[in-house]
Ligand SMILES: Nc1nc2c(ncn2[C@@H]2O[C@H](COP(=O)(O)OP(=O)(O)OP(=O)(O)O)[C@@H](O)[C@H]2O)c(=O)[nH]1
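There is one chain below, alone, in structure tokens, taken in the form predicted alone.
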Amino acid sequence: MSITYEDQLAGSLVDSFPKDFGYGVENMDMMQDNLEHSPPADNKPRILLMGLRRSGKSSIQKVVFHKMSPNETLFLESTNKIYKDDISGSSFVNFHIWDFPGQVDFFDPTFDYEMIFRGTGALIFVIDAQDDYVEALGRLHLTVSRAYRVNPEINFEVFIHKVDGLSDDHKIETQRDIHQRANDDLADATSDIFYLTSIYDHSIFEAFSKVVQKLIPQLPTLENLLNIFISNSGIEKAFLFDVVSKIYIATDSSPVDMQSYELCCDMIDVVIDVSCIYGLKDDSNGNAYDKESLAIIKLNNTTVLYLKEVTKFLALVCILREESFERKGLIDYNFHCFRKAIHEVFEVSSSTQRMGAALQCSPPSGNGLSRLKGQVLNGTPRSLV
């Protein structure tokens, strides 16, 4: 069974455009009615992609979540409708992305911006670094100000995009200039929300990793588990990857080296490609990537890359020295404990959500709450060697 990456772009319009935008009153009223009567989105986090037209928003979405080649994005038409992209089913990362066309004035009085921002977890504003970004910074200020009044909990991120065409010095100068101008307008702007990105390297994946991590409530527990795992196994660096998107949802507390991250991403590509070609079973309809998936790559600088399956969506990729890999039995035992803890963490999360939904429909039961409380973990596996 081969792994397929289906394009899940629903192409469904969300919310209503201003009535003078040229879409017709009948269609807009129908869209608004559908939105008001549509079922809830399973409490999935929502990420908004905003920015001026031709800034690269749709290209980012296609490359990161739909495996489109960066060169193919040159043929994408400019977005003229709001698209809702449900990232689920084939990925651990489970949320909605709303791609806004740059030419739409979503602050028009007829546009329900409060509904948009109220349920949003993160807002990514994309700025074209190769273009004059004065107008983009003005739109950024307006967007952040309006969104913050509606939803103070929203995470604001700025992608300084298309930096592949700039020299290293120009990249740093552009980032500093945008950061300074944004700080002049936004007193609460911080340096950790500005990312230099390009679809032609791994910078866009790393930036999206940082954004997604802020939406994962279990992140501190995952980092704690990874710290314990590497300290007891002689491993230098470890990433917990979403296999489909190559977004790392957690890593240990040591700094992330871009070269190491790129090596891990390339390893995932190799594993998936080889598994799809040689790992198929005639009598199976499951994915080629399964609980038996693992890979070992030894580099010529005495570094070893070690990948093991955690769940059907997650992979642990470790970087270590050859001498440390000689204790492979110890590493595998510690990985078994780590894998079990990861499953328990998300099992408890799912149980908590189900219990919360049940409590909304019926009176709480003392026994049920006691059982749930007894399941909660502190994130520390007790059996690591």
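The first residue of the shown sequence is 1; numbering continues from there. Please read these numbers as outputs of a predicted model, since none were measured by experiment.
The form predicted together with this ligand exists for this protein as well; it is not shown, and the discussion that follows is about that form.
Hey, in the predicted bound form, is Ser55 touching this ligand, heavy atoms inside 4.5 Å? Within the cut-off, so yes.
Find out whether any non-hydrogen atom of Lys162 is located within 4.5 angstroms of this ligand in the predicted bound form, and reply yes or no. Flag for Lys162 set to yes.
Should Leu74 be counted as a contact of this ligand in the predicted bound form, where contact means heavy atoms within 4.5 Å? So Leu74 counts as contacting this ligand.
Does Ser231 make contact with this ligand in the predicted bound form, using a 4.5 Å heavy atom cut-off? Outside the cut-off, so no.
Just to be sure I understand the contacts: of Ile249, Ala288, Ile199, Met267, which is the one whose heavy atoms reach within 4.5 angstroms of this ligand in the predicted bound form? By the 4.5 Å criterion, the partner-contacting residue is Ile199.
May I ask you to choose, among Tyr261, Phe241, Phe100, Tyr306, the residue with a heavy atom within 4.5 Å of this ligand in the predicted bound form? Filtering the options by heavy-atom distance leaves Phe100.
Only one of 253 to 261, 78 to 86, 308 to 316, 213 to 221 gets a heavy atom within 4.5 Å of this ligand in the predicted bound form; which is it? Checking each option against the 4.5 Å cut-off leaves 78 to 86.
Output the sequence-ordered list of residues from 119 to 133 with at least one heavy atom within 4.5 Å of this ligand in the predicted bound form. Going through 119 to 133 in order - heavy atoms within 4.5 Å of this ligand in the predicted bound form - there is one hit, Gln130.
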